[in-house]
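Below you will find one chain, with nothing else, as C-alpha cells; this is the form predicted on its own, and questions on how it binds or moves follow later.
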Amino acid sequence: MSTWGLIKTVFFTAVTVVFFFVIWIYNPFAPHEEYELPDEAEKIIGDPKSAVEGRELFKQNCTSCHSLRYDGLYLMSVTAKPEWSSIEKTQGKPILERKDGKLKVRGYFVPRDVYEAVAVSDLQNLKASLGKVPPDLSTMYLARGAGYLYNFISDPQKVLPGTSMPKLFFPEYDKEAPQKVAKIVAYLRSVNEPPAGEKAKRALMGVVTIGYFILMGALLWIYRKRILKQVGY
C-alpha cells in the first residue's frame, strides 16, 4: 500500500471510531448533568406499570399548560373544544396500544401545524400569562433525563430560578407527592424509550448493520486489490 493510501486508511478509520464513540458512548445530545434521584423514585420511574398511572397524573396536572403530541395528549382547553374530536379523527394518526389482547386507540397524533392552528388562541393566552408558550413535552425525557425532571417537577424554582412553572406537588400536605412526581417522569420515559425487549432488538440490529458494512467494506477492498493486480497495478 502506498503512503497516501495508508494515510487515507488511518484517517477514515479514525473518523469512524470517533463517530461511533460519540453516538454510543458519549452522546453530546444526551443529558450529562447529575441530579439526586431517591432510590424509591428511581424504582418507580423504571416500572412500566407506574407509567400508566403517570399518564393520568400528567393529564390531570400538566395539560393545562403542556401538550405531549407523541402520545396524543393536548392542552385541556383545546380538547374541550367541540370540533376537536372530529379534527383528531380526520387529521390525526391513531396511536395504538395492546390492551386485554386487543389493539385499541390510545389517542391521535395530530400534525403540529393543524394542532397550532386550532390552539392558536389558547397558546397566545398562555404566552400572555406566563411570558412564553410552555413547550410540548414529547421529547423532554430524552433532552433532560430522569434526575432533572424529577427535581424540576418537585420544585421548579429550586432547579431553575425564575421559571414560570409553578410548584404542583407539596409533600408537606400530600405524603404521596414524591411518588406522583416519579410516576409522571415514568410516563415521560415510557413515551421516549422503547420497552427493554425492543431496545435490545434495536441494539442488535445496529450491531448487525455495522458488521455488515465492515464485512462488505473488507470484501470490496480485497476485490479492488485483485482487479488492480489484474490490470497491472
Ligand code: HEC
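Here the structure is a predicted model, which means the values were calculated and not measured. In this text, residue numbers run from 1 along the sequence as written.
In what follows, reference is made to the form predicted in complex with the ligand, a form of this protein that is not presented.
*Asks:* Can you check 203-211, 171-179, 42-50, 61-69 and let me know which stretch has heavy atoms within 4.5 Å of the ligand in the model of the complex?
*Replies:* That would be 61-69.
*Asks:* Whether 73, 87 and 106 jointly form a contact site for the ligand in the model of the complex is the question; each needs a heavy atom within 4.5 Å.
*Replies:* No.
*Asks:* To verify the annotation, which of these, 128, 117, 80, 160, has a non-hydrogen atom within 4.5 Å of the ligand in the model of the complex?
*Replies:* Spelling it out, the residue with a heavy atom inside the cut-off is 160.
*Asks:* Should residue 110 be classed as touching the ligand in the model of the complex when contacts are defined as heavy atoms within 4.5 Å?
*Replies:* The answer is no: residue 110 has no heavy atom within 4.5 Å of the ligand.
*Asks:* Would residue 149 count as a contact of the ligand in the model of the complex, using a 4.5 angstroms cut-off between non-hydrogen atoms?
*Replies:* Yes, residue 149 is a contact residue.
*Asks:* Is residue 123 close enough to the ligand in the model of the complex to count, meaning some heavy atom within 4.5 Å?
*Replies:* Close contact is absent here: in the model of the complex, residue 123 is far from the ligand, nothing within 4.5 Å, heavy atoms only.
*Asks:* Mark residue 98 yes when one of its heavy atoms lies within 4.5 Å of a heavy atom of the ligand in the model of the complex, and no otherwise.
*Replies:* Although the ligand is absent here, residue 98 would stay clear of it in the model of the complex, with no heavy atoms inside 4.5 Å.
*Asks:* Within 125-155, which residues have a heavy atom closer than or equal to 4.5 Å from the ligand in the model of the complex?
*Replies:* Counting only heavy atoms within 4.5 Å of the ligand in the model of the complex, the contacting residues of 125-155 are 130, 132, 134, 135, 137, 140, 144, 148, 149, 152, 153.
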